[in-house]
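Given next, in structure tokens, is a single chain: the form predicted alone.
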């Protein structure tokens, strides 16, 4: 059986975990709407319900894979509830991230601050509050995971570290002062904001909930870092060259925001005078139009940075799979991890 087939048979990809996490989130939001202390809150609950729909559930899937690697039972309600907690933390992060980036769309729909008030002050304020509420909900769901308290306590340091690292990565990401060619800074964003937050820490959280010992937790970090880096590099390519109809996001937001990505840092370092003129003239312009974005894409391609970024993705996935081949990971977790690594980084949205 192929790796992808094994994942499907194990109930981890693409349907069973995602469906179970969706059901956990839906049931939780139903309870929150019914028990709201004021009638102003149920409409916000419905906004959160709409916003969480359509997510890839990458973090719950890696969390479930870590659980499986540590001997956890397939289909356990405990890991589905933990995955729902991670997804609500992700919802908090996305809502606030969209405000900071002044983004109009997410997953093909208006961002929360646009939906709640057209992007004006009242909409931004309401979105901040809803993001805060999702953070509270995330903690409540984690506390309600049906496992012994010691297991939840063992996972908590990894969750707390994930949250701090995500904030550090986001802070680096919004600081547009570094030079475009600051590759070290770009990699720090990738490692904190995505590699840890998206893959390594969710793997460790799932493994810790299943009672993993330190060697497996170290493997989760070692495997998760290159997979998470590759995930973000793919995201950078999609942000620059992806089809908005497939990604659900604008194809110019990263350009307008002047994101200091690895892709752009490589382009600046490889650029000749003509490409640097284009990058200086257009990158980070809030009023960038389609023509300017097309010039930026052409300049980046002319430097070969897109090809270099794809090579970095391939090398990181190769390294992660080499680590997996040598790791004492039981079946069926081994093909699950291999398939998830490939799926997360070969995506088109």
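Residue numbers count along the first chain shown, from 1. Quick caveat: nothing in here was measured; it's all calculated off a predicted structure.
This next part talks about the form predicted together with another copy of the chain, which is not shown.
- Of the candidate stretches 230 to 238, 164 to 172, 214 to 222, 257 to 265, only 164 to 172 has residues whose heavy atoms lie within 4.5 Å of another copy of the chain in the predicted complex.
- Another copy of the chain in the predicted complex is approached by residue 44, whose closest heavy atom lies within 4.5 angstroms of it.
- Taking the partner from elsewhere, residue 92 is found to have a heavy atom lying within 4.5 Å of another copy of the chain in the predicted complex.
- Another copy of the chain is not drawn, but in the predicted complex it has no heavy atom within 4.5 Å of residue 286.
- Using a 4.5 angstroms threshold between heavy atoms, residue 243 stays clear of another copy of the chain in the predicted complex.
- Taken together, the three residues 40, 121 and 136 all come within 4.5 Å of another copy of the chain in the predicted complex, as judged by their closest heavy atom.
- Distance criterion of 4.5 Å from any heavy atom to another copy of the chain in the predicted complex singles out 140 from the list 109, 277, 140, 269.
- A heavy atom within 4.5 Å of another copy of the chain in the predicted complex is found for exactly one of 154, 180, 147, 99: 99.
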